[in-house]
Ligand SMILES: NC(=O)NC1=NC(=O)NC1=O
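A single chain comes next, written as structure tokens; it is the form predicted on its own.
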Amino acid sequence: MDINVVNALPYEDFVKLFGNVVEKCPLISAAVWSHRPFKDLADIEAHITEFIHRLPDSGKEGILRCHPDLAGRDLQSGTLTRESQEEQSQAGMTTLDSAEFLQMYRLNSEYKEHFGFPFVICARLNNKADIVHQLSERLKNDRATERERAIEEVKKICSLRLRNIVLSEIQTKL
């Protein structure tokens, strides 16, 4: 997608297109829209990252709470966002056997009880074994360390989702 097209998007269209680059947080893309014109995709990403960094810890935790549990209730009930469904599927979360599912359920529950927000990892960059390992390891972190680690994962997810939007728009035109 040409950056001039992005810069020309009306507010509503911009928010509709980029509203889920940070899971269920269209407010972020709405706030970033006012920074137009963007130089390129990296400029949009930089504004999103800056917005997230300026948030107080409670706001960062709010972003994390918008994320679904991996292999959790939303996946089981079919209520994941399209992006999360694709990401969890790529990571193998949709093909867990019953023992793996119970392990994920137990670890997700323990994590949320410990930190107060769901475990967030860039599923596209991991497989189910990596995810289980990271979930187990990150349970050892203190809350502040884990919050920042999870926000770094949010930024990875955002970056890949932004690129996916651009690539899908280019492929649509071919």
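Numbering starts at 1 and runs along the sequence shown. All values derive from a computational prediction rather than experimental measurement.
We do not show the form predicted in complex with the ligand, though everything after this point is about it.
- Not displayed here, the ligand is kept clear of Tyr111 by more than 4.5 Å at the level of heavy atoms in the predicted bound form.
- Though the partner is left out of this view, Ser84 does reach within 4.5 Å of the ligand in the predicted bound form, counting heavy atoms only.
- Taking non-hydrogen atoms only, Glu61 never approaches the ligand to within 4.5 angstroms in the predicted bound form.
- When contacts are judged by a 4.5 Å heavy atom cut-off, Ile44 does not count as touching the ligand in the predicted bound form.
- Per the 4.5 Å heavy atom criterion, the ligand in the predicted bound form is contacted by stretch 122 to 130, the sole one of 29 to 37, 122 to 130, 141 to 149, 44 to 52.
- Scanning 125 to 150 for heavy atoms within 4.5 Å of the ligand in the predicted bound form gives no residues at all.
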